[in-house]
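Next comes just one chain, in structure tokens: the form predicted on its own.
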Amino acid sequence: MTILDSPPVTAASKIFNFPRNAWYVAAWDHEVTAKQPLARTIADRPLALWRNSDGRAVALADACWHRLAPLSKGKVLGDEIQCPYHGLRYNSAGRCTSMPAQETINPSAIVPSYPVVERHRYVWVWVGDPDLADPSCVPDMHQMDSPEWAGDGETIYAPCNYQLVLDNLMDLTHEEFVHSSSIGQDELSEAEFEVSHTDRGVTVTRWMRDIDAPPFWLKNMRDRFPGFTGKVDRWQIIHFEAPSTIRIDVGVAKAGTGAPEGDRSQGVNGFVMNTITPETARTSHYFWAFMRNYRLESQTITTQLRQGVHGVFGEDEDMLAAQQRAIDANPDHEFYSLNIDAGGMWVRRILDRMLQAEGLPAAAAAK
């Protein structure tokens, strides 16, 4: 059966559930401090994040044992967090250490504590079975803190299901239509692509040879090669890692200088780093960055690239929000997939297997 022959799915089934036995980014590392707890909901789990006196990031359920007051509205006191309502204090394991109104501490006074790993400039949290939380399974985003790469990023609060963001990133032909003034061009839809997959990953590779550089890439080429003119070879290599991290190897090089064979020395190379954290069935935290391996010393280029990608992703955000509204308004509409959806469909298969392993349905419950 080809992609075009695949059976239809309803719009409602596009609202995908999220695995919980997985690492999700909760915040940029600089967002979690010892001054004030940070509130963030991850996969329907409200969390309070803070740092103890050793600087270690902690994630507790954002609800006091006593009356469920949000701990994120409380205070960090050394190695403990204090409830803003009645002053109960909890350590990093979630155990209550003080009840101001009485000397005896109820032994059941505990709030859930979640495994945390700091890596690649992010704070990652595991909201599933803590016994399965293996730090070696944190997705590879090494370009984020490698001395061979420079760049920065932002966070988008996306009013849509996380799977819609993954769909968007796994098929970049939409650039021709959504981003026509910056990175889009006709060759995106015309170029052939290859898809490969493993148990936890999918790769989509597309090369466009001997083409005009779109405005975004022409500027980047001239940042490295002042006055550049002429044709380029362009590449997009999308690397998905379950459950929701996508690194996109992108760039252009002077046409015919060997980039498709591995010599990118006559071009500019970037990685669009994306990791999407489901908040609820219809909202997501979208962490992104653009990293480059040329002109590492230039803060001007870093700022310009961040601003440029911010504008591009703003166009995606508008489209994704509109798509979510349409899905909610037409839950029985049947969707068919196109050949360009091949990478995204493999992503869905991987996520479906993860959900089945946890005994969770693929479709998230309506809210």
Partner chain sequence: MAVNTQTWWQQGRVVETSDLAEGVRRVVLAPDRPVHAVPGAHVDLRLDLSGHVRKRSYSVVRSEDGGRRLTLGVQLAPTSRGGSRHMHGLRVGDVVEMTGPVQSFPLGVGADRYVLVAGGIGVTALVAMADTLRRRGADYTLVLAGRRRAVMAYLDELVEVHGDRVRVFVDDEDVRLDVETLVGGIAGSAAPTRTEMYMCGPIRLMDAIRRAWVAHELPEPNLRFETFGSSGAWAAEDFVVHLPQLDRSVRVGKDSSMLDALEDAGVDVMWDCRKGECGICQVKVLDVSGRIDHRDVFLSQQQKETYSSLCLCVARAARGEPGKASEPAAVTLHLP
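This one's a predicted model, so the numbers in the text were calculated from it and none came from an experiment. Positions refer to the first chain, counted from 1.
Keep in mind that the form predicted together with the partner chain is missing from the display, and what follows is about it.
Colleague: Out of Arg206, Arg224, Arg95, His86, which one falls within 4.5 Å of the partner chain in the predicted bound form, going by heavy atoms?
Modeller: Exactly one residue meets the criterion: Arg95.
Colleague: Scan Thr283, Ser146, Asn293, Asn106 and let me know which has any heavy atom within 4.5 Å of the partner chain in the predicted bound form.
Modeller: It is Asn106.
Colleague: In the predicted bound form, does Asp131 have a heavy atom within 4.5 Å of the partner chain?
Modeller: So Asp131 counts as contacting the partner chain.
Colleague: Would Ser113 count as touching the partner chain in the predicted bound form under a 4.5 Å heavy atom rule?
Modeller: Yes, Ser113 sits close enough to the partner chain in the predicted bound form that at least one of its heavy atoms falls within 4.5 Å.
Colleague: Should Asn91 be counted as a contact of the partner chain in the predicted bound form, where contact means heavy atoms within 4.5 Å?
Modeller: Heavy-atom contact with the partner chain at 4.5 Å: present for Asn91.
Colleague: Can you tell me whether Ser196 touches the partner chain? I mean in the predicted bound form, with a 4.5 angstroms heavy atom cut-off.
Modeller: Contact with the partner chain, no.
Colleague: So if I measure heavy atom distances to the partner chain in the predicted bound form, which of the stretches 152-160, 233-241, 97-105, 285-293 falls within 4.5 Å?
Modeller: Result of the contact check: 97-105.
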